[in-house]
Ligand SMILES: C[S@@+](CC[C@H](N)C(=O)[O-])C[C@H]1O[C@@H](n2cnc3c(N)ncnc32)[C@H](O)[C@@H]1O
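Only one chain is shown below, in structure tokens, and it's the form predicted alone.
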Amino acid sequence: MIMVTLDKEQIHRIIYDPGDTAYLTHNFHPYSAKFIPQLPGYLIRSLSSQDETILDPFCGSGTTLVEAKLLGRRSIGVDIHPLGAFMSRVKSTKIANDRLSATQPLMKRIKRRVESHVKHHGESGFAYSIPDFKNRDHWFQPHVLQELSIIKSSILDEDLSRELREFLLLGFSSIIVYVSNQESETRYSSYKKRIPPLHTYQTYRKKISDMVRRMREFNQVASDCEVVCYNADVRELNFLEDNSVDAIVTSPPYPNTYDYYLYHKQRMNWLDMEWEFLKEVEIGSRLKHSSQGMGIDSYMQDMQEGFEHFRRVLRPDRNLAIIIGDSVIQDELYKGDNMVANLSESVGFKILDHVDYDLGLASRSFNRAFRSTSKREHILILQNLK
């Protein structure tokens, strides 16, 4: 058994002055509310040894999985959001350098196609398929729709390995909000941006160039440990075997804080991913707790179902590290550490250590909308008592 005591001074240094938080593949795709990579890195080193298996059951954009790969641990990621599971897999999968070289001629072919369309076709005679989804023309200007369609069609029509195709599609996904009429990654309102012809392609080319550079660096420093990503519900982890993981490092959704499906749904439309169901099943969403008026009990019930699986799949006496923030529902403050304490007692975990800090300062690494001087964020280490 690995005995764990959190180094509070080191954690505070990581939180308040983390340095570069977008190194290597962490920079591949926007994803609000993700934790800084140095934090799961510290926790993975503290809770496990090389070649052991780490589980992140709320893997989001794959931060824990990338850090596990860098630290020589096998890892398993689970996320109910198809885009989250997709980006987690891409960010943690090496791609051979010779295959990455195929991106340069592809970019040239895409450029010729876009330039030819701009020069000869304009808004008529368009030979590529534009996806059809609700309010498409409200969120995308005509020439942006066309350039995105050329890029997507070119990726799908190429004879590529699955890994490289997904790599290119993730880069494609990463620019969609930027070139859309959606105001930002965290504001779901629209206005017509000034996006000139060719800008969408140029943005994509620049993004892929940066991703290729980062992947080449990742190839040099990351281990060959296996990473497995599941697009699945944390409440339904029966596909994971009992006593199959050595440590869990995760950060669940903070109740009534964010609607993950909402801010990424234009991306999921373009990637042909289902998302409507997420409105009903997303744990802790603002939709549930603010719009639909659900209290904390629904969140706690969802989390308890997850915790029961955590206890089952985690080896005896091994540890779960959870990062959770305080939340406000219907003007009542709910402390993250109290929520975890209640879950631990009911399921069979013991809290070994706890660090908290001002979420308003720590959230410099998160979305500005989450900042609040009255809230704190908590890191808790739990021991599996089975």
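Since we're looking at a predicted model, the values are computed, not measured. Throughout, we count residues from 1 along the sequence that is shown.
FYI, the form predicted together with the named molecule isn't displayed, but the following is about it.
Pick from 168-176, 191-199, 247-255, 102-110: which stretch has non-hydrogen atoms within 4.5 Å of the named molecule in the predicted complex? Single hit among the candidates: 247-255.
The named molecule contact at G325 in the predicted complex, heavy atom, 4.5 Å: Because no heavy atom of G325 falls inside 4.5 Å of the named molecule in the predicted complex, the answer is no.
Heavy atom to heavy atom, is K69 within 4.5 Å of the named molecule in the predicted complex? No.
In the predicted complex, Y260 touching the named molecule (heavy atom, 4.5 Å): So Y260 counts as contacting the named molecule.
Heavy atoms within 4.5 Å of the named molecule in the predicted complex: does E282 have any? Heavy-atom contact with the named molecule at 4.5 Å: present for E282.
Considering non-hydrogen atoms and a 4.5 Å limit, which listed residue (L47, I351, A33, I329) is close to the named molecule in the predicted complex? Spelling it out, the residue with a heavy atom inside the cut-off is A33.
If the cut-off is 4.5 angstroms on heavy atoms, which of these, I80, M215, I151, I208, is the one near the named molecule in the predicted complex? After the contact test, the surviving option is I80.
Could you list the residues in 213-237 that come within 4.5 Å of the named molecule in the predicted complex, counting only heavy atoms and keeping sequence order? Counting only heavy atoms within 4.5 Å of the named molecule in the predicted complex, the contacting residues of 213-237 are A232, D233, V234, R235.
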